[in-house]
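A lone chain, given as structure tokens: the form predicted alone.
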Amino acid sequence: MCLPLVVIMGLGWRLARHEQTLAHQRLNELLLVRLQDTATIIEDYFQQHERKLLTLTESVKHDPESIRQLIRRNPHIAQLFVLNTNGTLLYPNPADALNQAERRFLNDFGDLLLHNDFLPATAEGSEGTTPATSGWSVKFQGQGLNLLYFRRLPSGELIGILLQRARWIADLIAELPDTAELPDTTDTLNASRSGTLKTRIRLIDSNSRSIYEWGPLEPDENAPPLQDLAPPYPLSSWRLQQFVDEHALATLGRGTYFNLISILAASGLVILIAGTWSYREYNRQMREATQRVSFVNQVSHELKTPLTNIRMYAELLEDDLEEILNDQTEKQTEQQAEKQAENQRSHLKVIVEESQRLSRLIANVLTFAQKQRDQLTLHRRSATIDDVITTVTGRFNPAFQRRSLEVNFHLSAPDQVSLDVDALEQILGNLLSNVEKYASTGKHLKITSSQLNDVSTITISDDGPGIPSRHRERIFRPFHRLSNHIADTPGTGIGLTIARQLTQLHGGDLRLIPSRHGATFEIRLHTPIHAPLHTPIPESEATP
């Protein structure tokens, strides 16, 4: 019983660990896909912004006033600049009269523009490297990352735009998902059996400051992200981080363990039931084997006892006959002859009793064997219940007299009825044999009979030690005896079983009736009134 459970537990544990690992992998993959989707949103935003700026730079006029008006009309532009083909700054020209915004721009980005350090690395082509004609450039200045868009015109001049930092960040945040729109991952991952798997996505800058975050989870300040991804250029110095509820993460895949426990419980229950059944079946077979061995021992002992008595008293009778032959020539007194005849009658009586006992034992064994093969049948004929009782009791009179057991009859069943006489004799013989064996310490035996319609009732009561209450039903089971020790209580243990089976074949039953003293057995038989075989001849037609 334990070995299959251990094997199932080991395999189930490995399967559960494997399933939990797969659940974590699926969760990581899903979270990575969600971060990639967010990165795609950021990439699409800058591509759209780049197309707008490309269109805007096509209509830029190079006079300072026109550029200033363009900047004032477009809130996304913090400053615009123009470089000629040799890299000289055309606007804002340091030699011209500049406004405050232009001077601040030159102060922050002048060196960068003079050395062309804002331009990205050149792209590699089939003929070496070629300068980029448009794109994004980043500059860390002031509050953090600043974005510059540049475009080189066909004439060779370069136009650049510094984006208003607060504005493009606000526009980017507007493109990102809102908290209420966070997808529910419970159904996808089956990670939490009691609610939604809470997550949070955070966009942080290069200084690890949170720019924007969304999702219902409030992670701990020092909690590490489960997934970390760099957005596409020009925000490649920023990070996208995703956090997951640690409690839900710890219970991820617990459903597999729950299923494992359920399977183990079900398997254990099946194995327990099978083991219990096997154990009970084994015990039953062992009990039956023990009963059969005990039955063989009891039958052998029971057969041996009457055969020994028959042989012994037959030998005594033979010795008596030899003495008679030897003393024929001698003159015997009448008293000696009478004594010798009495001894012979006593020996013959014992032989008859033991022969009857042996016949009952053999009849019980044969009847039990027929019942086991379902071959036990009745052979009904016309008989009188009281006559059968008198005949069977007469066979036990010598044994009862030796034990000073007085038999009292109250017989009230004189009608001719249909019954199996041999079966009834066997029933009564088994009950009276039990009285002889177990109730011999008593002094009285009462036998009553009665008839009512088609039912005949026989009651046998003794004043012996009785039967304990715990054995009242067990005594009718095959091979059950109050004591299995041969010397304690002789018998095969099938007498009452056969008696009940025969009464049931008669359409009745054999019961042990509760009584204050001794044991009382009640026999109820279905015995239809037997009709005459021949119709009586009328007196007018009778021959004188």
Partner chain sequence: MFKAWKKLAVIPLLALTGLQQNAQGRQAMLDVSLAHPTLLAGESQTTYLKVGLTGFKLSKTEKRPPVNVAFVLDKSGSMTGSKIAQAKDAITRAMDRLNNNDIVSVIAYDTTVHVVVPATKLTDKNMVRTAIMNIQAGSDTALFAGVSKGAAEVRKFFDRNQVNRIILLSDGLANHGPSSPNELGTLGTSLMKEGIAVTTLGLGLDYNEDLMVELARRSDGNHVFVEQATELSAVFNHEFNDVLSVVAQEITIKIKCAPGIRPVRLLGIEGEINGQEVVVQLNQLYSEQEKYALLEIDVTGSTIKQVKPVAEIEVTYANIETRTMDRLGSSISVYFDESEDVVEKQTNAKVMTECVLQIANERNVLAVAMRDQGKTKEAKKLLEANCVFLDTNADKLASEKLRNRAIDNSVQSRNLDEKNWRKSRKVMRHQQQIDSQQQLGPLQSKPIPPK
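Just so you know, these numbers come straight off a predicted model, no measurement behind them. Positions refer to the first chain, counted from 1.
The same protein has a further form, the form predicted together with its partner chain, not shown here; the description that follows concerns it.
**OP:** Please pick, from 231, 464, 215, 160, the one residue with any non-hydrogen atom lying within 4.5 angstroms of its partner chain in the predicted bound form.
**Re:** Flagged contact: 215.
**OP:** Identify which of 177, 398, 414, 275 has a heavy atom within 4.5 Å of its partner chain in the predicted bound form; exactly one of them does.
**Re:** It is 177.
**OP:** Evaluate residue 381 for contact with its partner chain in the predicted bound form, applying a 4.5 angstroms cut-off between non-hydrogen atoms, and reply yes or no.
**Re:** It does not: once its partner chain is placed as it appears in the predicted bound form, residue 381 has no heavy atom within 4.5 Å of it.
Original post:
If you check in the predicted bound form, is residue 63 within 4.5 Å of its partner chain, heavy atoms only?
Top reply: Close contact is absent here: in the predicted bound form, residue 63 is far from its partner chain, nothing within 4.5 Å, heavy atoms only.
**OP:** Answer for residue 73 alone: is it within 4.5 Å of its partner chain in the predicted bound form, judged on heavy atom distances?
**Re:** Yes, residue 73 sits close enough to its partner chain in the predicted bound form that at least one of its heavy atoms falls within 4.5 Å.
Original post:
Is residue 95 one of the residues lying within 4.5 Å of its partner chain in the predicted bound form, judged by heavy atom distances?
Top reply: Close contact is absent here: in the predicted bound form, residue 95 is far from its partner chain, nothing within 4.5 Å, heavy atoms only.
Original post:
For the spot marked by 450, 474 and 513, is every residue within 4.5 Å of its partner chain in the predicted bound form through some heavy atom?
Top reply: Answer is no for this spot.
Original post:
Where, among 382-390, 414-422, 401-409, 95-103, do residues come within 4.5 Å of its partner chain in the predicted bound form by heavy atom distance?
Top reply: Of the stretches listed, the one contacting the partner is 95-103.
Original post:
Of 140-172, which residues get within 4.5 Å of its partner chain in the predicted bound form if you count heavy atoms?
Top reply: Read in sequence order, the residues that approach its partner chain (within 4.5 Å, in the predicted bound form) are 143, 164, 165, 166, 167, 169, 170, 171.
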